[in-house]
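Only one chain is shown below, in structure tokens, and it's the form predicted alone.
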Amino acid sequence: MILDPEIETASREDLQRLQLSRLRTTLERVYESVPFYRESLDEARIKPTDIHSLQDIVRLPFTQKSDLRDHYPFGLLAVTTEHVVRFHASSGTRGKPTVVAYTKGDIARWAHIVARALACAGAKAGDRFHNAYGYGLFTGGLGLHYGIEELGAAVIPVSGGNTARQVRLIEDFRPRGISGTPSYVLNIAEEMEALGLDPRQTSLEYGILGAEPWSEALRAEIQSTLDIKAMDIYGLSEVMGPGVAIECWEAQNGLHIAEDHFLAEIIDPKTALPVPFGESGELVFTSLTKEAFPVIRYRTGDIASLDQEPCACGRTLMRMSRIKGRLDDMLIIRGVNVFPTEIEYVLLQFDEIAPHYQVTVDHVGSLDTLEVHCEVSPEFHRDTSTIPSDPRFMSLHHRLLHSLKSELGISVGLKIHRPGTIARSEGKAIRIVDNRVESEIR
């Protein structure tokens, strides 16, 4: 269902005219209201009136996460706190949290953007929707919540955690849709099996999953395990929250960006120069309609590409690829770049391996080492008598180790565990344990 056909099927020329008008308005607002942006623009020797086309955006300075932390908590607000109706913030595990704010108008626009995204992914008015994203300072739970209600669906605000209760509510309330991180939704399915239930026999028809990078292989695993369509949703609190982009039900091939509210770019993360359409680089967003907390050329740290080709669903909105990984999650092991999703892709090619894994990185002598921890599936475990001495297990270990080396381009360690060994997530999965960082801290 296309909720806003005048926007979602608009011509490229009409979309760009709207974006340019809103970009100039946003620049004028931040120049007048946010000292940080006024100083940044003055240092770059550019005024809002100097922007005459969307191509001129490359003249504007970037905003980075460190800028949000340096101006903690309210230094980047474009309105006084009296006009703010909600704050969200990051966990602050790597320093000061990043704080973002919303006016009443921001909340209303966000709800509509999310409703439009949900409709794109197959949700309908009248649906019951199981929301397993965490509520609180994280934008996921409340961001989806208001959009579900705006669409006219009934939200079941479960939040994360208490997985057995999640299963019971799905059984009793019979929702058509579910949202959460891919790893946690898979955890819910595993809990169903542990309780003697068939995950393929629920009322669920679609899942709207995000907040962590996930591979096509994991999508296939989730769709097969739960017998649903699984759509990727993208967002980050600094730009708005969930709903910035989403896959459509029809194609599941790239995420349609809400271009009337967000201007997207891809840059080379090393040179900060634009890259051509179709090439991967760092995703950059400029908000076009935010009142309380607009951002100009925000470097997300996410690796993706952009695509302007027509989509089977009929929408003309630009699409971004699924997130390949985050720059701060990219591991550099003996000069080779490795993303967790590349490891996930290899693991899920093996039916004998369950979709749960963790990577540990250490510094041994003068070299960095990477070790992959994963689990065998319950079915394989039942069929092998003495792990790891069973010949079938030894063969699996050899084949998987060879595939990892071939895909990643480096030798890695591998430990295959019994089912249930890898810690399960009730939110974002912890894929990397970097002991090099812990050693530096100690």
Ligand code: DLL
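These numbers come from a predicted model, not from an experiment. Don't overthink the numbering: it's just position in the shown sequence, from 1.
The same protein also exists as the form predicted in complex with this ligand; that form is not shown, yet it is the one meant from here on.
Only one segment in the set 79 to 87, 137 to 145, 356 to 364, 307 to 315 has residues whose heavy atoms sit within 4.5 Å of this ligand in the predicted bound form; it is 137 to 145. Exactly one listed residue, out of 210, 340, 175, 294, brings a non-hydrogen atom to within 4.5 Å of this ligand in the predicted bound form: 210. Here is the short version: of 372, 156, 236, 333, the single residue with a heavy atom within 4.5 Å of this ligand in the predicted bound form is 236.
Contact check for residue 323: a non-hydrogen atom falls within 4.5 Å of this ligand in the predicted bound form. At a distance threshold of 4.5 angstroms between non-hydrogen atoms, residue 302 is in contact with this ligand in the predicted bound form.
Shown alone here, residue 214 lies within 4.5 Å of this ligand in the predicted bound form, counting heavy atoms only.
Remark: residue 428 counts among the residues lining this ligand in the predicted bound form, judged by a heavy atom distance of 4.5 Å or less. Residues of 239 to 253 placing a heavy atom within 4.5 Å of this ligand in the predicted bound form, in sequence order: 241, 242.
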